[in-house]
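The chain below stands alone, shown as structure tokens; this is the form predicted alone.
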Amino acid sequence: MKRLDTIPKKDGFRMPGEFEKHAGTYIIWPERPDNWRLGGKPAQKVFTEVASVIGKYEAVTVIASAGQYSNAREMLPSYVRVVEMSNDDSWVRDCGATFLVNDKGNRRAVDWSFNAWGGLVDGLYFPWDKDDKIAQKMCEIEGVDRYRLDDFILEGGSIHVDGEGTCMVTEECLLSEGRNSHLTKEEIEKVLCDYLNCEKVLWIPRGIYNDETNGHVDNMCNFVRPGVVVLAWTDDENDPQYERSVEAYEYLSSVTDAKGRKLEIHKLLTPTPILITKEESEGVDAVDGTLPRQEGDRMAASYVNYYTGNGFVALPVFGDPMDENAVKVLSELYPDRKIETIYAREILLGGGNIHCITQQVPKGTDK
């Protein structure tokens, strides 16, 4: 498929909201022993559950390495497609293609540069060259042309869009030294507007406390639909998350979206702080150049890291008293979608959650 040298905005292509109709979902199979405990075996069971749940509603493609292809094929149900593809780790939201559509239903994609969340400054592993090729390979499979940015670092988890001209990010992530420190905030905003076809970028100051991605927005705030967002929240003033949530709430309350609407903000209470256990820490291989998983470390747990698909919401739960509240809030916000809960501690142990391990392909007339 062709590499395009034009700009999506001028070509009439936009990134749809995640809540718009999907053709399918991509997931990458976990196996990296210096990130996933016990060689990824516990995580593979949960990834299987995520793929199986989503696959009831829309097509799912699981990417697996040559060494894991047979295992993944054996564990996953027959209605989930498995394709062999080399990879460095299993965060397709961040390294995968960002798909676009135009008014005719044609599709293209943006292939951002990926550097493992900060490259040699504060990246989480090295090397990352296989992951940086994932987006191009997804475009080949889907039969879409791509816009490749060799000089702009971005992860899919660091952006949310409403499909109507508004993009939401965090300053903590997009202005971090390991991303695009050669560009000004205004220059970064222009790239986002040009390649996502947005008119306005909302800059939330910071993301979830202790988020190793430098505060991805997809752990902090999400568009339910245009003009309506959910925000990670805690009422505990002694929790370091409190200051971040208040800061975000005050900011979001003070701005309008691209259509001039004041945002309707719904607070989604975070679970009780979740810490890595001794057993969990000891199950992860220690390797130079990879972020270690230490006993007692607080994980960046948030219910906002859910995935919105065709007729469902895949919601991470943690065996926490707040699980029930999250289901209640999202059931009210998504009356036409089934809330599918998945116990997601094993995904969280790897550094993200259900939204981080999924990437949507919007529906188009071309496929």
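What you see is a predicted model, and the numbers here were worked out from it, not measured in a lab. Numbers follow the displayed sequence, beginning with 1.
If you look for the form predicted together with 6-aminohexanamide (KQY), you will not find it shown, but the lines that follow are about it.
From the list V83, I141, L124, V121, which entry has a heavy atom within 4.5 Å of 6-aminohexanamide (KQY) in the predicted complex?
Contact check passes for L124.
Exactly one of D94, D111, D257, D131 has a non-hydrogen atom within 4.5 Å of 6-aminohexanamide (KQY) in the predicted complex; which residue is it?
Of the listed residues, the single hit is D94.
Examine T170 and determine whether its closest non-hydrogen atom to 6-aminohexanamide (KQY) in the predicted complex is within 4.5 angstroms.
No, T170 stays farther than 4.5 Å from 6-aminohexanamide (KQY) in the predicted complex.
May I ask you to check whether G17 falls inside a 4.5 Å heavy atom distance of 6-aminohexanamide (KQY) in the predicted complex?
No, G17 stays farther than 4.5 Å from 6-aminohexanamide (KQY) in the predicted complex.
Taking any heavy atom pair closer than or equal to 4.5 Å as contact, tell me whether T270 reaches 6-aminohexanamide (KQY) in the predicted complex.
Although 6-aminohexanamide (KQY) is absent here, T270 would stay clear of it in the predicted complex, with no heavy atoms inside 4.5 Å.
Does at least one non-hydrogen atom of N222 fall within 4.5 angstroms of 6-aminohexanamide (KQY) in the predicted complex?
Output for N222 is no: heavy atoms all beyond 4.5 Å of 6-aminohexanamide (KQY).
Which among 86-94, 141-149, 249-257, 200-208 is in contact with 6-aminohexanamide (KQY) in the predicted complex, heavy atoms within 4.5 angstroms?
Careful reading of the contacts points to 86-94.
For the three residues T213, R293 and G352, which mark the spot I'm curious about, does each lie within 4.5 Å of 6-aminohexanamide (KQY) in the predicted complex through at least one heavy atom?
Answer is yes for this spot.
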